[in-house]
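What follows is a single chain, given as structure tokens, in the form predicted on its own.
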């Protein structure tokens, strides 16, 4: 009897264990032995507090055209500054460089994206103003760089208009030997910076007897397109057999012009504004372009991004005051022409046969 009771108790215990498990009993298995692991070899777990926090602030830059090497360097500077400040960056290009409607469309798109600031290299001095006013009404800070337009709160001026015009006029005078015919190959006919430099060149020449023997025969426009600039250069060479100098206040134009003149074997000299990396094979005393000028477009782009933040933070005061950007650079606030205010990044810098290789490695 005792054995029977013990057997019944054992059966009851097994049934109770199965019931608690919610199903049939699972057979026991033998697991493979776990190797000893050095904890220092384990992958490091990311601390959530160290993960980058996505900023809800985005700045945008609108260039004149895509593929323009000068514009791309300016965009690089803007992007680097945005990254340093921890804000998002949007880069936009109009479908065409010459249709102002395309820049307007890009700005409208950015307004819809709720960006906090827009830096634009304007393709027209007036036509963007209404669209920019709409952007400002939405709380967007508006900066212009490279070329200005009305409606901008601040223009980031690569160099003073008169300073640029003076070095261009003096380049023509020097390369022409003080007399003779010269022409200007510009960018688009609506480009505000080129137009301002050309107007200032005319004023300088008219005001000083030193330049009385220079004969400005024509101004043509290559629309900052390489092929069109080449075509306009060839037209000038054919039309004016006594032409001595072609002055190009545009990086796209000066490169196309220098190549076209060199390929033709002409004695014409090329003056203007160019990127060292593109012009290194054309700049020297014995080459088509004895020297040229420019500034650092990377600095222009970065200054624009820092200026957007400075305006948004209320750091920008009246004309004559200064503000220090997040990168430690101090800028002086000046009265604007089209924009309300402006900053002049620096004076034009001369590139010649002695320094062109050094600077070509930089930009």
Partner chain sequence: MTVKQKTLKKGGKLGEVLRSREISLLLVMVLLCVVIQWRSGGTFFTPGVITQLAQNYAYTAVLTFGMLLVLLIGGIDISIASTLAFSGMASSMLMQHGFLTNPFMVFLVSTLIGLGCGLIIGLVIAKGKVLPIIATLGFQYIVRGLTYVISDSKWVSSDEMLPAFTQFSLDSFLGIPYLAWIFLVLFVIVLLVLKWTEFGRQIYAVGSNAEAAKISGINIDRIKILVYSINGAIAGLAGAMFTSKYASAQSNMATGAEMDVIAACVIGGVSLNGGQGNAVGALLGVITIAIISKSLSLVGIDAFWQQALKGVIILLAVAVNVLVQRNNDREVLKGREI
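Numbering follows the first chain given and starts at 1. Fair warning: this is a prediction, and the values are worked out from it, not measured in the lab.
The following text describes the form predicted together with its partner chain, which does not appear among the structures shown.
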| item | value |
| --- | --- |
| Candidate stretches 105 to 113, 228 to 236, 154 to 162, 128 to 136 - the one whose heavy atoms come within 4.5 Å of its partner chain in the predicted complex | 228 to 236 |
| Partner proximity in the predicted complex: residue 66 to its partner chain, non-hydrogen atom cutoff 4.5 Å | yes |
| Contact flag, residue 169 vs its partner chain in the predicted complex, heavy atom cut 4.5 Å | no |
| Its partner chain contact in the predicted complex: residue 277, any heavy atom under 4.5 Å | yes |
| Non-hydrogen atom contact residue 244 with its partner chain in the predicted complex at 4.5 angstroms | no |
| Residues 179, 198 and 215 all lining its partner chain in the predicted complex, heavy atom within 4.5 Å | no |
| In the predicted complex, the residue from 255, 74, 271, 121 that sits within 4.5 Å of its partner chain by heavy atoms | 255 |
| Residue (of 174, 281, 203, 80) lying close to its partner chain in the predicted complex, criterion heavy atoms within 4.5 Å | 281 |
